[in-house]
Structures are given as C-alpha cells and as structure tokens.
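In the form predicted on its own, a lone chain appears below as structure tokens.
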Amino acid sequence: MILNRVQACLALAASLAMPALGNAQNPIRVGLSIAQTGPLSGAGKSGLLALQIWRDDVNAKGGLLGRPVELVVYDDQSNPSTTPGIYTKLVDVDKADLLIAPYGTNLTAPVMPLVKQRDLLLMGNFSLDANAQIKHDKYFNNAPWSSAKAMAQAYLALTGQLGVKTIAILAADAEFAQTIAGGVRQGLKERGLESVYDQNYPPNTVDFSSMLRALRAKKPEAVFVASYPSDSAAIIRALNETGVGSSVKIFGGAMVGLQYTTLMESLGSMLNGVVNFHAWVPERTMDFPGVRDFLARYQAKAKDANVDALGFYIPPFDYAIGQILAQAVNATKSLDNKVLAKYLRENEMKTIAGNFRYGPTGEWASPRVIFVQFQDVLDKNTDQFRSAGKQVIVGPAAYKTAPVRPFSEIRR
C-alpha cells in the first residue's frame, strides 16, 4: 500500500527557481520502503519525516537536474518478507530513478540479492553488514559504522578501560542483534575477555527476569546486550527490578530503542549507568555544520507528525541520504547508477551528519559510531535530553566528552 507519494511539484509552485513545465511534470522518483507500522515504526516514521524535509529543501532550490524530487514510499510493516516485493514494484512498476533501502539490517538483507542482480544503486539506511557477504559495488550505507566487528570493538575497548576480564552476552535471535553479538564474540580473545554467559532469546520475549538472575549468578564484570526497542525496554525494567549484581562494571552495548525520546522519557532514571551505541547526541564534539539547524526544523514538525520528538538517532542520517544523492547527481549531472556509484566511491561526502568517505563495501571508511553513558538522568523529563550532560560520550576518544564510570558505582 502506498502511504505517501508526495507530489513535489506543489512545493515548487512557490519557488522562484521553477523549472521548465515539461521537467516539472517529470519528477525524479526516489523509491523506498520504510516501517510506518510494526516494531520498527518509531525509527521509520522519524526517518521518513527527515527525508520529506530534505525533499522540500531540495525542491525549494529547484530540484535536481532541473526536475522536482518525488518520494515514492511504501510501508514494509517492519516485516522482512515484504521488502523484496516492494522493491520489485518500485523498479518495475513505479520506475524509481533512485533507491533507498528499508530501515535496518533485518529488512535490507532480503533486498540485497535483487539490487545486485539488477545492478542497481542502493543507499543503505542504518543496516549493519548488509553487504558484507554479497559485496555489491553499488551499495552505500548512511550509518556511521564500518562493520559489526569494528562496532563491537569500540564497546570492548571500554571494558579494557574498566579492567574487565569476564563478560556476559544477551542477544535477540534476529539479524542485527546476532550480527553485532557475533562481532563481540570475535573480539573476546584479542581483548583477553572470558565469556561466562551467552544467551540468545526469541524476539517476542517480554520477561527477562529469569535470564538476568542466571546472568547474575555468573558474576560477569561486563554485560553486552543486543536488543530491539520492545525488548530493550523490558530488559531495562527487569534490570531495575532484578539487578545484575555488584560485579558488573559496564552494562549495555547495542540496545536499539534507547535512543528514542519516548523510551528515554518513560525509563528515566532506570537508564543511569547504561552504556549504549548512538549516532548523534547534543555533546560539543557532535556539532557538525547544519545538524542543529536541521534538528530545530525537524523538532518543530515532530509533534504534528507524531514522530520521535528529539530526532537524534535516525533523522540526521536520513536527511544525509538525500544530501549524498544530491551531491552525486549534481556533480555528475546524471542519474545513471554506474556513474553515481563511481562518484560515491571516489569522493568525500559532505552532510549534516559529518563528512566522510566510503570504504570498499560501501560502509564508512572511518567509522564514527559513538558510545554514550546515561548519567544523572531524571524521571519524566524530556527536555533534559536536549542539552549536553545526560548522554555523555565515553568513546571513541576523538569524540569523548567524559570518562566512562563503573555501572555498579552509578547504580549504588
């Protein structure tokens, strides 16, 4: 079902840079599926609003190649089985000129064989290692990481700072969680860590108290969790009720959902001490040109659009997808997927999420995933997260704004 097929010509009607009528009637179509319902809709809805802001911005300046930009969007319902059919329709029926991948690894992986077979350019949307096996030369990700192992290493480096020797792993039985948990397992030996607990759980798990009791009995010094929004919230609540013992010096890792405004507000002080990955937070080292102006405009629209109020996680990077495509199209004066892919491989991308270059598999050549620690978080207070100091960056060193503190010390 098409949820939102926006006629971008309307935005151009008020523009002084109106293109010729023939071109205005022939928009450049950017096709994608993105979760508007289901468990990933929190990220999907906010990401779509960011892309709509980009579309309006670029159309207000005259579009691309003198043509307006139109988003052709389908709801994939957070269901990986829907995405191959959607992208087949986008290519064969809608005749999309450019493609953006679904949000997340689970939904992008089923699309990769199709885009490689058709030799199409695909802009990734926060997937992890989706191209690691297929190695399609026209895939380029917006997320600030390079691989699961590199992302895991950044977390494991923090365990070293706290003198950790033992670790417990708790991961959802789903693509993203298993990929990043695999990266952690690969890095244990070189970090001198011993795994004392390693448990996968079905994605529909709602009660984690028994798992945390079993984990606590092993007395780990670190706990790595890879989870999705609903289970991330359930784990934090179980953590608050059951505890994990005084041995734990660092808890968190790859908990999707703890970046969302509604979850941060509802969990409040229960988040204190948790260390988790993130993409952007309002710390001084994250002041990339244009990002705060974008977020101000996004936040002004967020309430009416009923999406994530702060928009720190996905929106700057989905806006960046548009900037990346626009940069490549404007520089090459082309929509040819081969020409655009060659440009993306060879040039620096300039975006509100920072400037970067792509590596051989279409991931960032120099990853910039950050790990934040919740500190001094109050209950029922959204505004506290608008300023620095509540999600301090504890790694990597280039973006660090505070030292990591032992979990057991903060929770005491």
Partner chain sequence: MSFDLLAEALIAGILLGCFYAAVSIGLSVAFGLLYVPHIAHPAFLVLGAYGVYGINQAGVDPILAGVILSPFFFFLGVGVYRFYHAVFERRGSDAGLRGLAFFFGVAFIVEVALILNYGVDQRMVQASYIGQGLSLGDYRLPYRMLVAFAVALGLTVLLSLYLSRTFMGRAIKAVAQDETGLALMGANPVKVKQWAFGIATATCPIAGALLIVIGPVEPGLGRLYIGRCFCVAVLAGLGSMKGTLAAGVILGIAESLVLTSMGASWAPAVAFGLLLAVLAVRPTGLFGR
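Residue numbers count along the first chain shown, from 1. This is a predicted model, so every value here is computed, not measured.
Although not depicted, the form predicted together with its partner chain is the subject of the following passage.
Proximity to its partner chain in the predicted complex holds for none of Gln375, Thr382 and Thr401, with the criterion being a heavy atom within 4.5 Å. Look at 195-203, 123-131, 179-187, 285-293: in the predicted complex, residues with non-hydrogen atoms within 4.5 angstroms of its partner chain sit in 195-203. Checking Gln323, Asn337, Thr82, Ser266 against its partner chain in the predicted complex, a heavy atom within 4.5 Å turns up for just one residue: Ser266. Of the listed positions (Ala168, Ala109, Val307, Leu98), a single one reaches within 4.5 angstroms of its partner chain by any non-hydrogen atom in the predicted complex, namely Val307. Taking non-hydrogen atoms only, Ala300 never approaches its partner chain to within 4.5 angstroms in the predicted complex. Heavy atoms of Arg213 reach within 4.5 Å of its partner chain in the predicted complex, making it an interface residue. Taking the partner from elsewhere, Met270 is found to have a heavy atom lying within 4.5 Å of its partner chain in the predicted complex. By the criterion of a heavy atom within 4.5 Å, Gly362 is excluded from the residues contacting its partner chain in the predicted complex. Contacts between 42-71 and its partner chain, taken as any heavy atom within 4.5 Å in the predicted complex, involve Gly42, Lys45.
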